[in-house]
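Next come structure tokens for two forms of one protein chain, structure 1 first, structure 2 second.
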Structure 1
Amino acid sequence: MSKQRIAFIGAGIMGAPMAVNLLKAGFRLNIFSRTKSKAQAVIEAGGVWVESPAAAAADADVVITCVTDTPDVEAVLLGAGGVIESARQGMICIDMSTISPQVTKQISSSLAAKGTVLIDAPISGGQVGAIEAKLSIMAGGPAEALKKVRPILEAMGKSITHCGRVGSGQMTKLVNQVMVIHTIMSISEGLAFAEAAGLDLETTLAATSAGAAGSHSLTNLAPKIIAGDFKPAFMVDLQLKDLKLVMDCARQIKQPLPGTALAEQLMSSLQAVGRGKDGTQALVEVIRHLGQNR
């Protein structure tokens, strides 16, 4: 059986290296992106440029979407010139964006009417994970369809978890984002407090990293804070987009999340002062600022 032909939609900082990894793994691939210039690296790696999502999907077995937000996914899958126009029995769509779990279920129903299965498969691991094909992929959808596309996912990620039926991948990603924002709060309040108390931050990091305070954020983002490096591993704008999805969903399922809500509000203050493109570790600046008049 020859390898599937893939339609890849979206060539952002995540999508472009993911598409390149698929080409490296020997898949044939059509590429569409709102901004053609962003797809340059994918085209150079052997991707075939097409003029619309519908055109991308026309001769493809599997469609992958990796765009920003819920309306973007709706537009490229169900809108005019969208994938739905080429959807047919046996085609599988994989949405790797982080979007609303509820809308994911609705999109799945629309595609199902054409015989096309949707797998939601949002990712974690950042740009480095995308480049190195080491993403964590949280997948929702029928096990049989997931089995068919697993080699495709394995060309982009190192851990692929089947979380349940369609929407479960998105839901798991939102849980992931809830947990992440607290660890960013953890290092932001911890380091701002240490600093205000006059402690040496390097020493504080050394004393706390190995124990109960340990987290991925403490290991990876705290050194950036200490170095004054606010370049994004993950952008404030995107974190806030994800936290809005979290809070919308939390309201819908009636599970209050007071800590997440507080963190979202504090982080939105970075966006308010024009720092939406900073890395999420800039949250420490908000906490510092609360004590600025001391």
Structure 2
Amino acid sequence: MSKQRIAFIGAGIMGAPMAVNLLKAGFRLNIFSRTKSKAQAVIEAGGVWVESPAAAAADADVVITCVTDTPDVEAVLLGAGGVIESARQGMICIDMSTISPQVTKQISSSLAAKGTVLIDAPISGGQVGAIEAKLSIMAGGPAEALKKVRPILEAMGKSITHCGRVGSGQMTKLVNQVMVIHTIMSISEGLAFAEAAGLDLETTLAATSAGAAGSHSLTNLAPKIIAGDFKPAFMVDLQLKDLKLVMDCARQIKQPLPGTALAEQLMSSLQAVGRGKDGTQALVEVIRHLGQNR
């Protein structure tokens, strides 16, 4: 039995390697991206280029979207030339972007009118996780639909968690982003503190990584900070987009997040000086700057 044909929409830092991993796993794949050049690696791996989301979905069993923000998902799924023009009974859409949980529910209702099921399945693990097919996938939607597409998700991730009904995946991802930003904040403050105290940063990292401070973020981001490497595994602009979603949801459910609000403001200062395309580890530069007059 041949594997399902997938329509993959989006070929950014995360999407392109995810699509390549699906091809490596033997899935047939149509690829669409706003910028064709970004999809070149997917095309070279065997993906079939198409000219619109609707064309990508026309002969696909499953549609995967991995794009930047809520309006982008709405456009590729529901807009002119969007997936909804090819949507039909039995099709499953998997949105692996990080977007508004509320809008996710609205999109689900629109697709359901065509007999198409939406699974919201945002991801965590960064560019390395996407390349190595080790992403953490947080899925919301019907359990039976998730079961059907689990082999597809397993080609991209190492952890697939059913978080509940549609929208639950997105809300769980926002919880993840709250925790992640605090981890980045702690690493930035810790290393700035160590540097100001005159400690050797490599030695400090070795000592703290082996103790209770050890974490995935410390292991992956601290060496970059020490080396002065601010190339993005996850960009400041995207982190701020996610934090806006967090704070919008927090206001709606009336849950104060004072630490997250502070981290968002400090991260915003990077964007304000034109460093939105840097990796999130650049937050250390903000903390260092605060201590320049000591």
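Residue indices: 1-based, along structure 1. This one's a predicted model, so the numbers in the text were calculated from it and none came from an experiment. Rigid core: the largest C-alpha set superposing within 1.5 Å between the two forms.
Here the chain coming from the form predicted together with a further copy of the same chain is structure 1, while structure 2 comes from the other form. Rotation of the smaller rigid segment with respect to the larger between the two structures, from C-alpha superposition: 8°. Aligning the rigid core leaves the CA of Ala207 displaced by 4.4 Å between the two structures.
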